[in-house]
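The data below hold one chain only, encoded as structure tokens and taken in the form predicted alone.
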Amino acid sequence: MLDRPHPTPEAPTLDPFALAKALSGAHFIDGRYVPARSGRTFPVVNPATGIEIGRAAEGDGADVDTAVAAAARAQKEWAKMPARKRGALVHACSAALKAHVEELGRLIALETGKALRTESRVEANVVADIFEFYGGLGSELKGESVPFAPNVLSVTVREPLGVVGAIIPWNVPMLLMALKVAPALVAGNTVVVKSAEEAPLAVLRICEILNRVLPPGVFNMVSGFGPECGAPLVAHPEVKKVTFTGSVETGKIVYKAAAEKLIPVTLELGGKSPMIVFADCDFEKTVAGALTSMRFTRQGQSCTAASRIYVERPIFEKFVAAMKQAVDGMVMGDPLDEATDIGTIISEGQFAKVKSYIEEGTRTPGAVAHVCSAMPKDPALKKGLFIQPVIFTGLTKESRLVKEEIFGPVTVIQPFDDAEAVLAEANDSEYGLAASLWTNNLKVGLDLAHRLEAGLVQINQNLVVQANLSYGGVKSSGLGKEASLEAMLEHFTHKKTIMVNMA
């Protein structure tokens, strides 16, 4: 049984407000809740109302030292455990998470403002699926027999790296935590996660739930701010691997700090994902796909959001009109309301950033801002961080709205006449995370898919991250892959060669 200084319920609860309060003020280290060494906390705010729902422990280097020390102690025995047994425990974590899907969906909706029905409940289910997927891969930590010489037995083995430091963002914190923690654990590593300051509570609850299954110290979590908590985690001498998801600017800082220790790094950074629509597409399917691709239900807060949509000129006007009509039919409102399609922006800082892009686009000569949906009418939501989705037309490729990642419900639709020209525009970006093509001419689609500069290209669909499909970008979108067997083997183990001279 866990040591519980806070009255967190053992059984799943459907009251996210009470759960948020119960989770307040603590890290999770070495199998138990512990307060920050400094005693400091910071507020966690519901972005739909502006009301504080709880507080998070404000971690610093002392808390990181405690968490890493616990992880380092636990790692020695965890690595000795047979890989299939580690996998079985990770699989058991999935079963524990499945019992808490509704609870976690409600809690993440409360602290991030993401709509429960369209986003948060979906994320909670995917988290359980990721642990289930990786739980079955313990047997895949295989080595090789190398034909070096007849009298020499030469083999390779996969070994864990040690303590992994994982830093996660706020947009899909549970999902991105799972993509880092599950493969690291199966591979024999232990983990310290630094949560996003805007969304620390649901991932803290997950850490507690998993610690009912895992040995103490195998999975730890600290909360706090980047310079005071994240930086010490990256720089800690006992951390042997860093996996980070966030902005390009912060990713470069993490990369430089890790380079000082010469440790491996996985970076999943920003995106400015193009969506290319040909006139021969299945029109209704493509319009529906554009809604998903742009992640409007998440207020566009996604690295893979299709914030650049290129539409072949014969269907351009029709497509813009259909997109606006479809988004107009989406309901913005209380994230916990089942009728809500679109929730809120995460924070006041992000809200101001997105609004500044919309204002700049609106002021641009020749541009048209197609404002969609409608603001919620509930007076309780008047302080909420709601932004109406905006579809821009008439912007040139030099516009900042076309070049820069906005991370909000803003997309730019532009016409094109030539496949080669649109390919050049799509590739004219510092980013290279994802892209999609929509055409019934698979010869054209496959040709362009091979030449698009992106880590993930989909034709006639744009699914979110899925377990067992390698995910990661090129150029400024990052280094390394997630969500696959490859991610576990290449990014959470090292290969050792052992040679036995039998002469």
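For clarity, every value in this text was computed on a predicted model and none was experimentally measured. Start at 1 and count along the sequence shown; that's the residue number.
This next part talks about the form predicted in complex with a small molecule, which is not shown.
Engineer: Taking 4.5 Å between heavy atoms as the contact cutoff, choose which of 219, 244, 296, 134 touches the small molecule in the model of the complex.
Structural biologist: The residue from 219, 244, 296, 134 that makes the contact is 244.
Engineer: Would you kindly say which of 385, 354, 210, 167 lies with a heavy atom within 4.5 Å of the small molecule in the model of the complex?
Structural biologist: Looking at the other structure, the residue within range turns out to be 167.
Engineer: Is residue 194 near the small molecule? Define near as a heavy atom within 4.5 Å, in the model of the complex.
Structural biologist: Taking the distances in the model of the complex, the answer for residue 194 is yes, it comes within 4.5 Å of the small molecule.
Engineer: Does residue 231 make contact with the small molecule in the model of the complex, using a 4.5 Å heavy atom cut-off?
Structural biologist: Yes, residue 231 is a contact residue.
Engineer: Answer for residue 226 alone: is it within 4.5 Å of the small molecule in the model of the complex, judged on heavy atom distances?
Structural biologist: Flag for residue 226 set to yes.
Engineer: Indicate whether residue 254 is a 4.5 Å heavy atom neighbour of the small molecule in the model of the complex.
Structural biologist: Yes, residue 254 sits close enough to the small molecule in the model of the complex that at least one of its heavy atoms falls within 4.5 Å.
Engineer: Quick one: find which of 117-125, 149-157, 168-176, 313-321 has residues within 4.5 Å of the small molecule in the model of the complex by heavy atom distance.
Structural biologist: So the stretch in question is 168-176.
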